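Form predicted alone, single chain, as structure tokens, below.
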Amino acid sequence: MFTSPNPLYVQPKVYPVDEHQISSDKIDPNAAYVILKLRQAGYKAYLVGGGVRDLLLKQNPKDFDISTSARPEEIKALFRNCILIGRRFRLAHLRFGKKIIEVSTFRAGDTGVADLIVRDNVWGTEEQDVLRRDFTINGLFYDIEHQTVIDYVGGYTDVAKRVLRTIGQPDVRFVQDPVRMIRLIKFCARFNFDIDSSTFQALLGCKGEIIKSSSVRILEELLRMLESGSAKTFFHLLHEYGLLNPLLPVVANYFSHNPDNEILALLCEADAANSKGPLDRSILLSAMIFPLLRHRLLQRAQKSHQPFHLGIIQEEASRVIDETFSPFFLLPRRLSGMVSSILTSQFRIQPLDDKPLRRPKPPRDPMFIYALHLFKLRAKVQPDLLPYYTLWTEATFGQEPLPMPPPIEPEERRRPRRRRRHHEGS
């Protein structure tokens, strides 16, 4: 058993605005409205988790989550724009146009029992709610009325020192919810934080627990990290700390046997591209899978000595996608089809035999623009591909720069709905 050096405080330390220097104009007005209305109704309510952490780091939060003493049904009674989701972890989602403010009720839970959490709807106090969260940096409340940061677990100091530490015994916390190990590596990659020594030892000791997690939750974490701008560092650390192999063994094997890691090189270019404008998940997944497909096709070409038409390549692309994500993940069908199309089109742009194309004819496939974006990443890694990229983009768009692909409608990209088990700071 590993023991965290950080004690669980029962009396909070309160930091005033002249210390934390969070500007009130950085608070989302919809979140402020929700908190004010809950307080007017007699409930406690705070900003919590990743939003508070990001504000302290002088970053713009992606989400402003709220924790309150109001029960889910009481929240719904106050807000017409509220829907309740989840069974294992009941949450309120308040819609403001396309934006969602997530509101959770204070939970109580036994943080000392090393059992997988399968249900988390025991209501509690704000102190109990903090103690069941994952890391100290996500265990902070922000009181918008008094403009104070409320810290029960030493998270304020850990944010300042850039240290990742679990709340409670790290091995117990990882067994309770193994996805926390993925989140630990995520925060390490995103913020370049150090990992507390006992938390790191528990990560290495508990990594085998990861396959007990929800595959849907982990897949969503992986996809978010592909979009984060820190994908290269994240997947490198995932492999270095031994969690890539149980999740994506084909990718882990490629990492182990390819010192010139083209996957990481493509993810590095994807990170740079995402800083200018987010790439679609289908492009990012294709960047991760393309080197695996090309390796497979080159091996097959050496054995058959016959040219491949695009139909054969598409079949191989589908097989590589299935093999990459099995046995743990089930990639949503639409996303898998998009990735297959993007990968196949790489060999329309540049045939496997490198036969020069004099007059390229852009296909009517709406996914072709997505394929050009992947080829652009590849040309960044391999400059000798630039003539192919220029030829096809000029044939498709003339002298105009390559436009961003059209966004995928949310209802088309939504994965099969499953109940959320647990939620902590994003």
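All residue numbers refer to positions in the sequence shown, first residue = 1. Computed from a predicted model, the values in this text were never measured in an experiment.
Another form exists, predicted in complex with a small molecule; not displayed. Remarks below refer to it.
Q.
Heavy atoms within 4.5 Å of the small molecule in the predicted complex: which stretch in 34-42, 374-382, 57-65, 359-367 meets that?
A. Going through the listed ranges, the match is 57-65.
Q: Consider Arg133 of the chain shown here, and say whether it contacts the small molecule in the predicted complex, taking contact as heavy atoms within 4.5 Å.
A: Output for Arg133 is yes: heavy atoms within 4.5 Å of the small molecule.
(Q) Test of understanding: in the predicted complex, would Arg180 fall inside 4.5 Å of the small molecule by heavy atoms? (A) Judged by the heavy-atom cut-off of 4.5 Å, Arg180 is in contact with the small molecule in the predicted complex.
Q | Close approach of Phe141 to the small molecule in the predicted complex, 4.5 Å, heavy atom | A | No - in the predicted complex, heavy atoms of Phe141 and the small molecule never come within 4.5 Å of each other.
Q. Does the small molecule come within 4.5 Å of any heavy atom of Phe187 in the predicted complex?
A. Yes.
Q: Assess the spot marked by Arg53, Arg217 and Arg224: is the small molecule within 4.5 Å of a heavy atom from every one of these residues in the predicted complex?
A: Yes, each of Arg53, Arg217 and Arg224 comes within 4.5 Å of the small molecule in the predicted complex.
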